[in-house]
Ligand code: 5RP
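To begin, one chain is listed below as structure tokens, in the form predicted on its own.
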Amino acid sequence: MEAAELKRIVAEKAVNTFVKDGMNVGLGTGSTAYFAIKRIGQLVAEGYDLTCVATSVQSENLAKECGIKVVDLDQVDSLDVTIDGADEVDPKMQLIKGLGGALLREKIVAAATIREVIIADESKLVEKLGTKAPLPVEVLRFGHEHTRYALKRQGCEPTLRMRDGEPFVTDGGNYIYDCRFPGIDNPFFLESRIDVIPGVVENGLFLNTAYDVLISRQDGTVERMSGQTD
């Protein structure tokens, strides 16, 4: 089955399962979240009254094209559910996110969400974080080479993310270093080490964030991982 079809299947399953009329909904960013936003747009067209918060300018623009009402996060007390993708998912539902460039807003939105639902295809499953994807770290532009040096001392090879020959700039006006580790043995310890580096804005370790993880398999089925009870 094609990758795009796997993403569509899991995204639509998540929306159909978790999004109810009258909810405040967080809209993720990335190629899988794209299909979730499209499905949410269909629900709005069918008459659902949803108030949504986007994790990126890209997702906000798509949502508006789909007729979805998008507001600033501070206009809602909380979000009932956020549906977002991930770059890696380990067996304990710990995540690496941020290859789409929206990790800062994604983490802020996740913190304001009652039920964070992660959608991914089975290629994103790993036994240990950092074995497939690099860890994105958003940094201030000022002194970013010094921040890079401090990141490298954590045991990784940081590479400044580029786009069209220029450094990629996030919606917040920052740079991203993609930090390649040979596997992350203790993600909680690493998160604390990265967060205290001057110049670091946010990192792509999303730990104890996911309420549910939905994984699409090559046979078209969707597996649900959950660390919570309803």
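Please read these numbers as outputs of a predicted model, since none were measured by experiment. Don't overthink the numbering: it's just position in the shown sequence, from 1.
If you look for the form predicted together with ribulose-5-phosphate, you will not find it shown, but the lines that follow are about it.
**Message:** Among the candidate stretches 67-75, 149-157, 127-135, 96-104, which one is within 4.5 Å of ribulose-5-phosphate in the predicted bound form when only heavy atoms are counted?
**Reply:** Contact criterion met by 96-104 only.
Contact between Asn203 and ribulose-5-phosphate in the predicted bound form at 4.5 Å, heavy atoms? Contact check for Asn203: no, nothing within 4.5 Å of ribulose-5-phosphate in the predicted bound form.
Can any non-hydrogen atom of Ser31 be found within 4.5 angstroms of ribulose-5-phosphate in the predicted bound form? It does: once ribulose-5-phosphate is placed as it appears in the predicted bound form, Ser31 has a heavy atom within 4.5 Å of it.
Determine whether any heavy atom of Val139 comes within 4.5 Å of a heavy atom of ribulose-5-phosphate in the predicted bound form, and answer yes or no.
No - in the predicted bound form, heavy atoms of Val139 and ribulose-5-phosphate never come within 4.5 Å of each other.
### Message
Pick out the residues of 69-97 whose heavy atoms come within 4.5 Å of ribulose-5-phosphate in the predicted bound form.
### Response
Read in sequence order, the residues that approach ribulose-5-phosphate (within 4.5 Å, in the predicted bound form) are Asp84, Gly85, Ala86, Asp87, Lys97.
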